[in-house]
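Below you'll find only one chain, the form predicted on its own, shown as structure tokens.
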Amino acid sequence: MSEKSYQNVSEIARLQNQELYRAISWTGSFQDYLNLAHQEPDVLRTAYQRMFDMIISHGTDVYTDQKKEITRYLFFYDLPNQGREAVFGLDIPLMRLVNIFKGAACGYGPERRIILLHGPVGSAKSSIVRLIKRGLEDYSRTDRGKLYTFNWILPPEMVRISGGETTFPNPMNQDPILLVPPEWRRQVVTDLIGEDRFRYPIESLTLDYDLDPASRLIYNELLRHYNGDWEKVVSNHVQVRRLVLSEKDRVGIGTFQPKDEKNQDSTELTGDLNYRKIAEYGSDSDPRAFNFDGEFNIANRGIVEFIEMLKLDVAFLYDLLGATQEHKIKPKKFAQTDIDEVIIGHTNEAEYKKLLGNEFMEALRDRTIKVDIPYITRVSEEQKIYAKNFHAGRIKKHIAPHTLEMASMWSVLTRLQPPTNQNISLIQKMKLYDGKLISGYTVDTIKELRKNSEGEAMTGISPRYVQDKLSAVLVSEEVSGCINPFMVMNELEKGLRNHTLITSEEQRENYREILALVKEEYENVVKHELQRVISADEESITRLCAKYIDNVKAYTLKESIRDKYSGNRMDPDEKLMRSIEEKIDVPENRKDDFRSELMNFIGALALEHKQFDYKQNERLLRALELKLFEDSRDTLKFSTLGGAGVLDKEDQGKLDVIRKRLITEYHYCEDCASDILHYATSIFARGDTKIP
């Protein structure tokens, strides 16, 4: 943290980046702009090209999942010091979405479509669009994301042209290149940037667009004034300026949210007459008496978002269809006006079904590219959502290990369809989806599961419900100190009674049954964790391993083994060897092969002057840990482990070691470490000693 004290104006002023302010406030002549375009052809990019480049500029990460190469676009993720929301677990839908953007950037057709994000409530549709909008704002302030527009500059004797203003900003923030007449424009641009210096096809640029009605009027008036001398018009009366996109300032980013049908007005999209100025100009068809402030107008050069798009009144759809296919809008009393912007909307399943059933919406369906945004089906990714909101730096109470994991597990399980393969449980399916290895199942198994689960993750519990219940536990006056999985699971179950999106008792009961599965899974997690904690004594494992290797060596060489205490020779300890081997399912008829393979491996290492390390053999390490836990469990009674009985000095020492390991190595606090030990007591007290 900075040691500076910001208690006076001059200290605060030092935080300002004046260089950035000067850069984004740049103004220049039309010739300056041509020079810029020649040096940096990217300033001519379309809205789609700029958006695609913005996403790519944050980098990508390519990985393989189920034998398929997946590209992760880091723009959508929680990058260090980024300080904005992120989207988790949606790599494949986002890859499809960005591929659409790429096709649109190249001018291959998607730029003439509405992009419709479709999915259940809380599946991150709005978050994706918000990220893109914020990303475009930030990108427009960088050197790589520069774009420009222009003002008309008029001397006092000519202000009648602009309605009394000496400076008249282009009302739709159009690209200054549109000041070059359309019949010259392609030739000029091709010469200006060269086909080999621009990453996209020149045909993808908006070179056939025209100026908006107000600028067109001023342009024509000036041409008449100079008797058709175009050079004098652009040299004397055009000021090019840097354009910074901003949703708050309504520059390049528009957002439209439908109201009730009675109050919907299409002028919200395409602008409206300025009745105060009609008297001044004498006509309601004079563009200077028109406010080009509809969402389509102000979103030019950027993006317009339609929230719950399919709730639009039919009258709006006509504007939407023209804006999409022809990139033109029809302001009242004026000719069609060109726009260059990304049109993206989102909707839920119910509204989309209404679209499919409405024959009058056929034209809209034909101009729509639907991108499904399902719920997350990987527990590890779902957990990141809650970890981002409920982390130690943000909340005062401690959250016990596995709390967010169990909440995530439940929400993911509600979204999965029961496996058609009777040999796979719902829990196993969840683990396979999360990348866990389960003996007997392969990548092909996962592919088959997904293939037989069409429409999966389009229903289930929303992350918002889980977040609400986590919040309820955190603020509860009944909970002090530490939040554990059972508190959260109880709150999740209690909330089902009043869940507004659960429409049947059958569904509610199904979610309760899934919660019971999660509690059972948590019990397995606890048993496994305690096994690892108790058997984490490296010296004891090393001694046990050495003893096992000595016995295996004697067995394979058909030798006796010398007892280090009595000095007597005795047969290898078959009971010890089998007690370890059985932990990793080595059958009786395979024990000789297993022991021979182990000794051959140790011998091969010795020839290379290397020493055998049991830690490098995961199967053997697991077997040794389980054996040590079994022995420790027998010597340390779990009835006293949880503090239910009187502890002698030896047991107290063992308990302190276990508690310390839980705190230092597994991130428990004193409270939840005690809770987990008490819980272990109840598990083992009922005779459930099986370790997963």
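When you see a residue number, it is the position in the sequence shown, counting from 1. Note that the structure is a prediction, hence the values are computed from the model and not measured.
As for the form predicted together with a small molecule, it is not shown, yet the points below apply to it.
Novice: Among 85 to 93, 547 to 555, 328 to 336, 225 to 233, which stretch sits within 4.5 Å of the small molecule in the predicted bound form, heavy atoms only?
Specialist: Residues of 85 to 93 come within 4.5 Å of the partner.
Novice: May I ask you to choose, among Leu530, Val412, Ala323, Ile385, the residue with a heavy atom within 4.5 Å of the small molecule in the predicted bound form?
Specialist: Filtering the options by heavy-atom distance leaves Ile385.
Novice: State the residue from Gln174, Asn297, Ser123, Ser408 whose non-hydrogen atoms include one within 4.5 Å of the small molecule in the predicted bound form.
Specialist: In short, Ser123.
Novice: Hey, in the predicted bound form, is Arg464 touching the small molecule, heavy atoms inside 4.5 Å?
Specialist: Contact check for Arg464: yes, within 4.5 Å of the small molecule in the predicted bound form.
Novice: In the predicted bound form, does Ile376 have a heavy atom within 4.5 Å of the small molecule?
Specialist: Yes, Ile376 lies within 4.5 Å of the small molecule in the predicted bound form.
Novice: May I ask you to state whether Asn490 is within 4.5 Å of the small molecule in the predicted bound form, using heavy atom distances?
Specialist: So Asn490 does not count as contacting the small molecule.
Novice: State yes or no: in the predicted bound form, is some non-hydrogen atom of Asn348 no more than 4.5 angstroms from a non-hydrogen atom of the small molecule?
Specialist: Yes, contact at 4.5 Å.
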